[in-house]
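Single chain ahead, by itself, as structure tokens, in the form predicted on its own.
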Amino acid sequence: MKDVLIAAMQQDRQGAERLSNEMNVAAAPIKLQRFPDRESKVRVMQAGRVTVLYASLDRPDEKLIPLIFAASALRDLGAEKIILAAPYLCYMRQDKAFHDGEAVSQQVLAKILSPWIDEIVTVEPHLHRVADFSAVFPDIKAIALSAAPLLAALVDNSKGSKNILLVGPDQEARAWTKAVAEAAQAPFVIMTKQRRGDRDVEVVYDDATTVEGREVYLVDDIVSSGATLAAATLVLKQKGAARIEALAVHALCSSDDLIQLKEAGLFRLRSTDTVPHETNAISAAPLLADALRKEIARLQSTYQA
């Protein structure tokens, strides 16, 4: 694609290279130096007329300032349009102030990023009370991609849909579970959850659908600590599930969390590569590439008009 470049820092190099290969577009590094006092110095090596700034925003507090510096430097080097490709987008869960004095991080993040980029493309942002992703970024074009086809591809339906069951561990996972189930042509149910703390949850299976003897796939968008999946796994084991595994879009949990999931009886956790993780099983690069190709073609048509 003419006059198009993908730019990424070292920590996102592998994801950027996969996207580069999918799109047949050159990728260039962004150099990041940390001074002894932890200030950041950013240097971009080149820019395209349309530049895709690739950054998965896990560990956001260490990534956001260098990202803004990179966007500024890309603009200085001649980037007319900057598309932020953020496979995982941080700070989406806090969309309201639940107590006096709380910052609404979702709104703040949008105000931080919007002046520096022209568009944002992400995968399954963790939205609760905001149904439309474009409402989060009202000042720029915002595209949220569904990972349902990716997770559905990990479901083994070879023995027939009666042998498997997709389960959402809480009501927040209903939309993702339903979408994956439809793509996998498999039945699904939703559990109920009460959260007392980050790692203290109670999950209840109160659906009439039988679990006994079935292969169960727990489906969620984000695995942060794994506490919800662990609690759900214990309940499903008690209900007689033959095998339980989990499918997630974004895996943020630690190695210790994975051990606890195994001890709870989870066969395995598999995730997309939106966040580099040992559980990555399928790449989101084709999904991102398809959306970016369409957007870039639209932008290039405006140049020619």
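Just so we're clear, the structure is a prediction, and the values are computed from it rather than from any experiment. So that there is no doubt, residue numbering starts at 1 and follows the sequence shown.
Below, we refer to the form predicted in complex with a small molecule, which is not included among the displayed structures.
Using a 4.5 angstroms heavy atom cutoff to the small molecule in the model of the complex, all of W176, V223 and T228 count as contacting. Heavy atoms of K141 never reach within 4.5 Å of the small molecule in the model of the complex, leaving it off the interface. Under a 4.5 angstroms non-hydrogen atom cutoff, the small molecule in the model of the complex has D170 among its neighbouring residues. Looking at R93, you'd find a heavy atom of it within 4.5 angstroms of the small molecule in the model of the complex. The small molecule is not shown here, but in the model of the complex it comes within 4.5 Å of a heavy atom of R195. Partner proximity in the model of the complex, defined as non-hydrogen atoms within 4.5 angstroms of the small molecule, places exactly one of 102-110, 71-79, 133-141, 214-222 at the interface: 214-222.
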